[in-house]
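Taking the form predicted alone, here's one chain by itself in structure tokens.
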């Protein structure tokens, strides 16, 4: 699966959004998410087709909801998930928001996994006073909006954790960054580096944010000349490590982001090279880790693919259910939003810090990362536990 970021909607898309909003039918139940009886409708916008595909995510959310429904539901009401595919298309994502929020009258969005949803729909969520708990936050807007709180650290908090791991756990003085910068992510990368500099008082020995997918040789030679002891890298694994081996860089610790955490990539790391990956949840390849056992059993029982994304789906569904079970009285969009804005933090074993929505103008509650290392073509979970920058 691929992760990607795209630009914010063009003027034409925004115009379409306003047009659709003005002409949208009333909610199916005759309300704006204010129904107090029948199924509790929950929306989700996912990439099922297109360049960013996460089909296992809505399946995993539904699996959790089915468990809850089999046990009697929430105060006797069943949970109904309505998932829409935006195919990484901003116009389709906007249409999905209009259908879910205005026509279907969902009380919240849970387990979204779209590369464009947060950026194109954040204003509509604010207008509708509805909360979204994405399983996978990708766009920077997912972490800088008052009505959206993902259950993953996201690419920028993860980058801070990776830098912190390189300097504070591996104890390297010369940490370098060789990154491909996706559209809209440059500011987030800069902020992540600044946070690490503030926490550690250190600075990068070398930085290149225009690596791209071409021949990596010039970048690796530059890293050697800069004396890099650790290199953070986020592009293709195979060509990079093959050339790094040719350049004799077996004494360098290469640290990659969660997008590189696949079984196929572990096999691409040549023997003798030191390759690490920072994960967003407990490493999914080890089902003995806290929280992973229940997730793996549920995925296997329902025939759903075990991936890090399905971990996020289960977590998003779990925290949603926990908050709803703590509510008194009617469960409507208004009361659900109020409950999330006033909720207490939830300790969840799959992540490195408590998850909470809260009343703030932006939300990035999950921080920290666990690290795995490529050993003999497989990922080996390292023993340090979650590395949360600034915390022992």
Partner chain sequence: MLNSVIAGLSSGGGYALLGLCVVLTYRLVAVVNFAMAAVGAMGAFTMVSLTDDGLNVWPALFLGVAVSAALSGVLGALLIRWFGEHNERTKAAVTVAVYVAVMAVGLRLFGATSTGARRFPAPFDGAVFRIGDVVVSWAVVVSLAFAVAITVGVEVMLRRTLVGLRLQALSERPGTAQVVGISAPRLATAVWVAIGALTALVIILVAPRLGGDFSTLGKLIVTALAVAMVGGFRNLPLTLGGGLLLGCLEGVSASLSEVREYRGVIPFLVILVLLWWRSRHEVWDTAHSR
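Residue numbers count along the first chain shown, from 1. Predicted model only: the values in this text are computed from it and were never measured.
The discussion below concerns the form predicted in complex with the partner chain, not included here.
- Although the partner is absent from the chain shown here, 225, 246 and 265 each have a heavy atom within 4.5 Å of the partner chain in the predicted complex.
- Under a 4.5 angstroms non-hydrogen atom cutoff, the partner chain in the predicted complex has residue 49 among its neighbouring residues.
- Although the partner is absent here, residue 105 is not a contact residue: none of its heavy atoms lies within 4.5 angstroms of the partner chain in the predicted complex.
- Although the partner is absent here, residue 95 lies well away from the partner chain in the predicted complex, with no heavy atom inside 4.5 Å.
- Although the partner is absent here, residue 157 sits far enough away that none of its heavy atoms falls within 4.5 Å of the partner chain in the predicted complex.
- When you look in the predicted complex, the only residue of 229, 145, 259, 292 with a non-hydrogen atom within 4.5 Å of the partner chain is 259.
- A heavy atom within 4.5 Å of the partner chain in the predicted complex is found for one listed residue only; from 299, 130, 100, 269, this is 269.
- The candidate stretches are 310-318, 159-167, 86-94, 246-254, and the one lying within 4.5 Å of the partner chain in the predicted complex by heavy atoms is 246-254.
- Contacts between stretch 322-361 and the partner chain, counted in the predicted complex as any heavy atom lying within 4.5 Å, involve no residue at all.
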